[in-house]
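Below: one protein chain in two forms, given as structure tokens, structure 1 then structure 2.
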Structure 1
Amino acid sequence: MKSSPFTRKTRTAITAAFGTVLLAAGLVSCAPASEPAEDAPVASEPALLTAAKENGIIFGMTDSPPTTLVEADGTPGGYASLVTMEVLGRMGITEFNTLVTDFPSSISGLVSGRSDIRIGGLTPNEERCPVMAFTKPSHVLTYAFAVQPGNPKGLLSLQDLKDTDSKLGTQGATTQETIAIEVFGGDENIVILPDRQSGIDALRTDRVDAFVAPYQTLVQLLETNPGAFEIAEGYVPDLPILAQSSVVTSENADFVELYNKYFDELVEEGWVEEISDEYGFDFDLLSSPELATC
């Protein structure tokens, strides 16, 4: 070893560096070079539809019954799934798969092509509309309070909570939280809860006086927690009503156009109203002028 000008250590270091470069080069060369865009044939039908007819379509969703969920047999379930499947079924798609993740990943899933359409539960707004293609809203989200049985404090609005110095439970980083902070003028009386069930738990253990959540969520919770709470009368007046749409990436805007056509048909036939009623969504709100859409 004396003949070598390098010690064993420096040699290893040099080769390690060399190895890194090789590995990186290997990885880069593995990635297929971006091919020049071929002239797309004049398509009579959206590209996403053609692909989905052949290989099926993947619904990106969060697990939020009763709007989106996966049935025991692996098929998509819940209100938004049923509506989307009915529309897509009429468009000729027969196979439906799911990718269930939490909320942030449901968007990365769509962007990366892990899912083809992110269904239910996304509100169109100024920020999102230009970058994603939103379908017509399938339902409208309204907020309600879960309160102690009998609503002893008579809480019906955020203002009521403020006036009675009551504590509000809400999930974090949500519209309802932002607005509640505004109305209360601070967050001292706001308890951030990890999920819907812990909202009911916090109510039960007197940590909060009211838990605000989408009305449908509370209906679902009442089924699993019978008698634990009561849903206060009516929608919370100081919270907005939110359109809930499905989205695809912006290059599939043609797909959405076609989707909307079939969706309108279903509305005309009265099918959407029927299933809305069945799930307890307020169908009339879909045509409310207050509703922000794309």
Structure 2
Amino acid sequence: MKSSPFTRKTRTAITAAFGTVLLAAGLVSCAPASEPAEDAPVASEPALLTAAKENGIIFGMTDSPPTTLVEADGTPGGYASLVTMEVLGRMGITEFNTLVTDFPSSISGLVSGRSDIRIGGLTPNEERCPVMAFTKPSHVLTYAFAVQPGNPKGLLSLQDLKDTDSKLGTQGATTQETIAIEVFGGDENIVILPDRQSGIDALRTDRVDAFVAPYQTLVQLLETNPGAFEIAEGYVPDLPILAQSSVVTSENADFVELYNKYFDELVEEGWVEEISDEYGFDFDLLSSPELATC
């Protein structure tokens, strides 16, 4: 685990530049006219791509720095936004809009058509994979505890919280909530909080003894809440490392197939590893055998 605080570097939103390709017409032929040959089949591009090239694409996202956020000028920001915009730019999409919601609503927004792609921050699992089309993971989440300065109860795992009858703060409808309920044998000692800042506020006011969140998020929260908490040493051992992907509805699986092709190019070029390092994500974990994907 990195010990130095992560600082998100200011980046200019990535914009893909596209030139217009002029096709030469009127080819001269001296051969006599003949019956036109039967047209060869032409592969059509994904319907979502065609629509997004014409009208732009709407990102469904949560306000979860450093993964996803909205910049002061209204453009998408954060690690997952930049990766997604770079891939989509190579696919020919140049206009990006945002629909910012809470975590559960980001899925309903996608299903209802209010957004076109739910970016970053969604974990492939047995329930979601059959009904959604997931991109290849852009990064991996590892979880840590925010605890009182000095970690007076020595809380390093979910089992530690159960053994000490401590209260855990977490966001609802998340993997960490589900696993905590399993470890605790119920939800009596679990406090559901609407966002991550609320988790730190609950810790300050002794409503919870630990707040669990992605490590990179806690590092950033330390910058805006100096002295309010500390990050417990090590990742939470009884929570898995989680693949984080973007997702579209299942009928747009062909869009994901093309997306993954361009994402692989970025990996091969070293771009994904470079931006992962910049934002504090462990690029090597993308190839971990522990990582569950669709």
Partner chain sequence: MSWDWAYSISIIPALLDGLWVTLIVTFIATSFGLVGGLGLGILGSMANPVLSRIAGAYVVIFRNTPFLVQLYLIYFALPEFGIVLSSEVSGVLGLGLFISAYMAEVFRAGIASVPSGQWEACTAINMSKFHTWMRVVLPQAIPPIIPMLGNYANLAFKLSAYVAVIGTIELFGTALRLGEKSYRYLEPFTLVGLMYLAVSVAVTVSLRQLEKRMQRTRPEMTTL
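The structure displayed is predicted, hence computed values, not measured ones. Definition used throughout: the rigid core is the maximal C-alpha set that superposes within 1.5 Å between two forms. Numbers follow structure 1, counted from its first residue as 1.
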property: Form predicted on its own - which displayed structure it is; result: 2
property: At the hinge of two rigid parts that rotate between structure 1 and structure 2, the residue from Ile241, Val70, Leu266, Gly92; result: Ile241
property: Hinge rotation between structure 1 and structure 2 - smaller rigid part turning relative to the larger, in degrees; result: 17
property: Between structure 1 and structure 2, C-alpha offset at Asp165 (rigid core aligned, Å); result: 7.1
property: Following rigid core superposition, Cα shift of Glu177 between structure 1 and structure 2 in Å; result: 4.0
